[in-house]
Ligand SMILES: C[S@@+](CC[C@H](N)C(=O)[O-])C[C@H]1O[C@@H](n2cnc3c(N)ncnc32)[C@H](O)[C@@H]1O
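Below you'll find only one chain, the form predicted alone, shown as structure tokens.
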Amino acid sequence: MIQKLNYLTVDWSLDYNKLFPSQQPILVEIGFGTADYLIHLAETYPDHNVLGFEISSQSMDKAERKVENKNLTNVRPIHSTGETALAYLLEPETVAEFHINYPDPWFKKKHHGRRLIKRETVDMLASRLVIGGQIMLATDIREYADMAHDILSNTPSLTNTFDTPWVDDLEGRFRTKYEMKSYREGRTGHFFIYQRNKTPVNHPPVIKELEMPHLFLHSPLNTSDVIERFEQTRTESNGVHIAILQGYANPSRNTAVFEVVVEEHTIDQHCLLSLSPHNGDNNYIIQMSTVGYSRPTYGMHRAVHALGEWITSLHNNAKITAMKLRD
């Protein structure tokens, strides 16, 4: 059985030696849906390794079953958004091709920012391509095609391989289940192929894990006192949104855990922070709980600090004594 992978369990950046039996050029599909196209890539290009990124758990289950049933070793589905994969998992100039089939158009104007094809994402796609690598995009929405053309054609490091903004058919293309449905309903496909040229590109580095965050404090209150005074708090700091949702005390051990949601650049974490005695009476440490699987990101460092500030605000004689946190 293949190991189930998601952005919180894989290496940042990806270690291809752990994922594939041999090192080969990398193909990536973002949003693989039923995984038929993903499997097609793996079977058609056995001399390449294929990564698929998808946010639907149901689609992940289907993909994993299909990969296992076909005993394919050159393809790995990973539970992740495309934006998260670009920011945390894929190093610059490592991908031979990106395949993006019929991305969600997010029709409402207020949701346009959620579209995959936007300025910052296309710049990241270009950064992660090897020179000569390609972006292959398909959509059946004319508005989306016009928008994509405007962004792609104004990306200096990408060159349109067609003489027209896009083509309405690609000979030999493997058609997805959704694609066949759209043709039956009368919607024509619009297909783009852009190639990475030699124009210099700004390469945002992969976001790496930080050291584990720790905060030390002194408070006359025990953990039960803290939980009795608990109130939900929500803060925002440098683009990181933190919500401390609930607290639970263990009086027999004078410990507590706090349910926290941290939302930061392309990544959300729902986790627990622990408060426990440390080095003498009335001294405590706040750190990430070992329950679940969370990563020590900048946002997690900010969450530990926010929790420490709230706890010390509960008593005039409470204070933070030391921190191992990133600013």
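Each residue number is its position in the shown sequence, starting from 1. Since this is a predicted model, take the numbers as computed values, not measurements.
FYI, the form predicted in complex with the ligand isn't displayed, but the following is about it.
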Check, residue by residue, if Tyr45, Thr94 and Val130 all come within 4.5 Å of the ligand in the predicted complex, counting heavy atoms only. no
Selected contact from Asp104, Asp150, Asp225, Glu209, since only one has a non-hydrogen atom within 4.5 angstroms of the ligand in the predicted complex: Asp104
Which residue, Lys177, Arg253, Arg184, Arg119, is the contact with the ligand in the predicted complex, using a 4.5 Å heavy atom cutoff? Lys177
Contact label in the predicted complex: Ile55 to the ligand, heavy atom within 4.5 Å: yes
So, in the predicted complex, is Asp123 in contact with the ligand at a 4.5 angstroms heavy atom limit? no
State yes or no: in the predicted complex, is some non-hydrogen atom of Thr81 no more than 4.5 angstroms from a non-hydrogen atom of the ligand? yes
With heavy atoms only and a cut-off of 4.5 Å, decide whether Tyr284 touches the ligand in the predicted complex. no
Can you check 28-36, 63-71, 265-273, 295-303 and let me know which stretch has heavy atoms within 4.5 Å of the ligand in the predicted complex? 28-36
